[in-house]
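Two versions of one and the same chain are coming, encoded as structure tokens; call them structure 1 and structure 2.
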Structure 1
């Protein structure tokens, strides 16, 4: 049970991670747990477990639910306290772990690619709620998502207060041009995505030049390939942005190679349970 006095619910005061297990392997578990701790550290939220205990608890939850392929949601909230947003009201953080069957995106998404739209809702300024914190307050992302849906699209491209591309509502963005793979640096308002990191490493192994680069919508429109990365979606090819056709208008060949390499990685790399 979660209390109605839990500050995670009342104020969005807390942090989370979305992790995946592939055929009995938890993908990048250490990286997810480290990022959870970093998000909590900035919020001065003490997680009442060690990192090793958290890893064990995640594995135990998977085993108990008899799941080999799963979506794992780890949530740490400020805990139960009186009304009023002072975090000192909450003596102990609430921790829960959900493991559920993974709902895969339709394969047609990867075959056909996705069309996205940039939206007016700007990414939160890093000195407001820093988008690098994977916090329970996702209203910035949700407002952007609503805008995209209102315009008939499933995903929104978000810009920061300078007009630089930051990311989508739950995925990082990459462009490919002239053999160079680029993604916005995290300080422009992007999460340090774990899929993003894995894709940067896979790209470098394929011989691509890989860079973090400030980019505008113009750079996106004129890229040869565009794709999104995230734990749930893995790698999604983007074929149109704001009605501009990207490259050939079909999912890019390098995007396809990266997706194949990523799927192979998830099959062999991870903590066995």
Structure 2
């Protein structure tokens, strides 16, 4: 049970990671656990397990639920306290692990591509709630998602306070133009995504010039290809942004090659159980 006095529930005071298991392999488990610890460290939140114990607990949960292909949600909250904000009133963090199935988009969408819209809700300022912290408070993302849904779209492109592209509500964004693969740098409000990093490395191996680059919607509109990356979504081709057709209006060739290479990577990079 999770107490109603848990500060993760009352105030969104906690951190999480979303991880994938593919055919008995937990993809990039070390990287996800390391990022969980970084998020907790910034919040001065002590995780009551070692990293090795956390990895073992994740594998044990998968085995208990008899899952070899799964989405894994690891949550660490501040723990049980009182109705005030003071984190000192929470003597021990709460940890729980969920293993289940997830399907954000139908497979057909990867063939035809997704249309998205930019929204008025701005990405949180790094000195407000730093986007590098995968915290339990996702209201910034949820408000942007609501705007997209109300406009008839499934996903929203978010800008920062300077009008620069940061990310979508749950995915990083990439553009391809003239052999250059670019994604917004983390200081503009983009999460240092695990899938994002994997795609950057795959792109470099394919001979692309890969870089972090500040970009505006103009750069998005005029890209040859646009796609999103995320643990749950993997690589999603984007064919239209704010009603501007991207490239040919169909998922790009390079996007398809990266998706194929990424899915091959998920079969060999991680912890086998």
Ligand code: PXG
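Computed from a prediction, not measured in an experiment: that's the story for all the values here. Between two forms, the rigid core is the largest collection of C-alphas that superpose within 1.5 Å. Numbering follows the first chain given and starts at 1. Residues that one form lacks are left out of the comparison.
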*For this pair of chain forms, which number matches the form predicted on its own?*
2
_I need the moving stretches between the two structures: superpose on the rigid core, then report runs of 3+ consecutive residues where each CA shifts by 2 Å or more, in sequence order._
101 to 105
